[in-house]
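So this first bit is one chain, no partners, the form predicted alone, shown in structure tokens.
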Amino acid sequence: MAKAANSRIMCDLDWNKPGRQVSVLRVPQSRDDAGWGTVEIPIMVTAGSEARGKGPTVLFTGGVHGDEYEGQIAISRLARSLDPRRLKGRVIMIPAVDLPAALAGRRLCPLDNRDLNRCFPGDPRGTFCQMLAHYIDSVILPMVDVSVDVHSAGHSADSALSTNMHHRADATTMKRTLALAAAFGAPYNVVFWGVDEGATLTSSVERRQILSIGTELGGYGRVSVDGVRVAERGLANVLKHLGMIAGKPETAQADGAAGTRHMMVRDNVAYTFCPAEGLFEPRHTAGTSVKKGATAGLVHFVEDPSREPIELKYRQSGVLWMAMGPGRCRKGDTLAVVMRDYEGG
């Protein structure tokens, strides 16, 4: 069994046991009415008969943000259906990593008001999210060869259906990551030089030289029909790509394209930021082709109808990757992100 690395979290899984196991991560959470209370986060492990020697270990995570639902559904479905008799290697599945946030339909965890995806590598003596991040980083990640972290844009935005990945300095790692994203088979794959990425799950994965992609599969705080479909096919495609289950990845797109279109978000010229608190009227939906200088939207001031709205314009041409979800916006909020075709390098 994996060493607990001084974690306060308990788990009774035998990580090397063949077959299907269902258990929980038992996270201490003392309350007024339960001094020794815990939060139980479901975790499933499916391993072939010779899991350690005959294939890689893959980690599928969803619900790192509780209001991002597509991964929670797709990973739960895969956990029920994946047949260990037809699997080479091992698949670790956590459909709702921040379970309290998932049950509340929130981005931030209601137990400590933290964003779990800004808590890595965590702290074993810290708050709920910090403890959980530490356990994933110190106990689970050392076993993992490939990580797929399934996200959408939650309540804050809507996204074009896509995988995403950080730009990697090592050419071989970059090539392997691009190939993994292409195999997943979303309509787009976005290579991005991230904003505030140092404390994410992906950052911990990459520090350990684990092959890593994420996704953005919808948003606006609802379940995307197409997002779930892309997630389910993509998870299966990853296992096919790695030779863990039979078959070849299916990458044909609804628009007739044969595969994924590689894009990039390289610098902050791709972003449109809110200049003042108000009500944002967007002009385009995610996935729309837009031009530099075109109107991205208007910030209205309904509390002062005599005040003219502020017109915001795109600073580069491309495809709208992220479109703001809620109408009310605050100064500094991201209102749009435009991606353009990947140029390599």
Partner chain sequence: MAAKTQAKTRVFSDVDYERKGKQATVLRVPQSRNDSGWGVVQIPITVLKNGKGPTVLLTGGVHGDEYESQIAISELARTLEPSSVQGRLIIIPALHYPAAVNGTRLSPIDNKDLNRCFPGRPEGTFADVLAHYVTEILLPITDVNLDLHSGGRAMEFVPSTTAHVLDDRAKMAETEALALAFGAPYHVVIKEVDAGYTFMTTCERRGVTAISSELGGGNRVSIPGLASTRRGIMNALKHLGVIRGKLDKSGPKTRVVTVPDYGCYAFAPQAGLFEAYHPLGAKVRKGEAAGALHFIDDPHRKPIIIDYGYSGELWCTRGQGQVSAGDPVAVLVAVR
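Computed from a prediction, not measured in an experiment: that's the story for all the values here. Numbering follows the first chain given and starts at 1.
Note that the form predicted in complex with its partner chain isn't included here; everything after this is about it.
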**OP:** Given its partner chain in the predicted complex, answer whether the residues Arg85, Ile245 and Arg261 all have a heavy atom inside 4.5 Å of it.
**Re:** no
**OP:** Work out which of Leu211, Ala96, Cys274, Leu178 lies within 4.5 Å of its partner chain in the predicted complex, going by heavy atoms.
**Re:** Ala96
**OP:** Heavy atom within 4.5 Å of its partner chain in the predicted complex: which of Met165, Val228, Leu108, Ala236 fits that? Just give me the one.
**Re:** Val228
**OP:** Although its partner chain is absent from this view, report whether Ala34 comes within 4.5 Å of it in the predicted complex, heavy atoms only.
**Re:** no
Subject >> Residue contact check: Arg80 to its partner chain in the predicted complex, 4.5 Å heavy atom >> reply: yes
Subject >> Contact flag, Pro326 vs its partner chain in the predicted complex, heavy atom cut 4.5 Å >> reply: yes
**OP:** Indicate whether its partner chain has at least one heavy atom within 4.5 Å of a heavy atom of Gly287 in the predicted complex.
**Re:** no
Original post:
If we take heavy atoms and a 4.5 Å cut-off, which stretch out of 71-79, 261-269, 139-147, 116-124 is in contact with its partner chain in the predicted complex?
Top reply: 71-79
**OP:** Residue by residue through 210-247, tell me which have a non-hydrogen atom within 4.5 angstroms of its partner chain in the predicted complex.
**Re:** Tyr220, Gly221, Arg222, Val223, Val225, Val228, Arg229
